[in-house]
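Let's start with one chain on its own, the form predicted alone, as structure tokens.
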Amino acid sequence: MSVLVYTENWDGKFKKLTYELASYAHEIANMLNTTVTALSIGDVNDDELKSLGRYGVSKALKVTGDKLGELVNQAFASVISQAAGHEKCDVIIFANNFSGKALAPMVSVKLNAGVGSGVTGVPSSLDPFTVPKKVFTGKAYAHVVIKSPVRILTLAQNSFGISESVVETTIESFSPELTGADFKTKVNDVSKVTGKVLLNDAEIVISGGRGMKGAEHWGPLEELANLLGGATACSRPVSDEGWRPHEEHTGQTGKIIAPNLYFAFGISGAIQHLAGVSSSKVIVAVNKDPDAPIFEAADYGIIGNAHKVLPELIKAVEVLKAE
């Protein structure tokens, strides 16, 4: 028995998200008195796989193949299901991102396993197996009981953190049995954003709302994001107006993010928007309306005009970086 964690890679490299998943899997494995096995699909070198050992992964299953160079959900779900059976895993862990949300239900059907989606912590009980997750846009916690012998968990990003537990990682090749039915979906083209921090990966997010008064005023937000090594985002009205691309829209109908630091400039804080950002570690709100709902969710608030606050904030960051 072991805990299986699906370690997604980006062009052969792991990101912070992968190491958070490994840390989480190791903590659960300790509770179950077992070990962690990582499953890697695609072209990842051995040194990268061995880096998982810093976070408690004792074995890495390596799956390669020309057809597995791009994500095909049906094929990947078959690989993960077979790997779980091979290792006799009763807990399987994914990230609660786009790929994890697609793969977890498919693996669940194949293994007749219960799913805890968007969980935020380790089990509070092993019998019955009970895991916490945020509900009602982060205003409350639910305790999800999974009664099936095999349990699948998708971990909310930035909800657990990274902790080192150094072990030696052994690498094994794994060859699943795949058929043409696993590749009914064909990937014809893949378009990737390059040259900037992706919103889902960003630890710092600089976001703007209708209070920015137009697309022409977005320059200072981008400048602050570049200074802090963060990503830019926006509220739905902004993307609907065409001021910013739709992939930057955060909220209930957009992207759900959980950065360490979230700046909200000129965003009123409607409940639909807060549903997408409430899991942020720290929220800083800037709004000229002292009664704006965003201040109720914010850890820090500045009552003022975003167009006046932004230049001063940029100057302060530049001074700090120059020291």
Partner chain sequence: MSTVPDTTTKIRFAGDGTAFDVTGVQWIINPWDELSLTRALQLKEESNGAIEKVTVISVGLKETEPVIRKALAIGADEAIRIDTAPLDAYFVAKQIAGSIKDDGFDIVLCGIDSSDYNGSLVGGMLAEFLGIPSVSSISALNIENGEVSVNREIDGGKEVLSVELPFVAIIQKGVALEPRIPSMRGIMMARKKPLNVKAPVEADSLTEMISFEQLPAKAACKMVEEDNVKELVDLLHSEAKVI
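Since the model is a prediction, treat every value here as computed from it, not as a measurement. Positions refer to the first chain, counted from 1.
One more form of this protein should be noted, the form predicted in complex with the partner chain, which is absent from this view; the next part is about it.
- The chain is drawn here without the partner chain; in the predicted complex, the stretch among 164 to 172, 115 to 123, 210 to 218, 82 to 90 whose residues come within 4.5 Å of it by any heavy atom is 115 to 123.
- Contact with the partner chain in the predicted complex, judged by any heavy atom within 4.5 Å, is made by just one of 51, 260, 34, 64: 260.
- Only one of the listed residues (68, 44, 28, 298) places a non-hydrogen atom within 4.5 angstroms of the partner chain in the predicted complex, and that residue is 298.
- Although the partner is absent here, residue 13 is not a contact residue: none of its heavy atoms lies within 4.5 angstroms of the partner chain in the predicted complex.
- In the predicted complex, the partner chain sits within 4.5 Å of a heavy atom of residue 204.
- By the criterion of a heavy atom within 4.5 Å, residue 316 is counted among the residues contacting the partner chain in the predicted complex.
- In the predicted complex, the partner chain lies farther than 4.5 Å from every heavy atom of residue 179.
- Of the residues in 198 to 232, those that come within 4.5 Å of the partner chain in the predicted complex through at least one heavy atom are, in sequence order, 198, 200, 204, 228.
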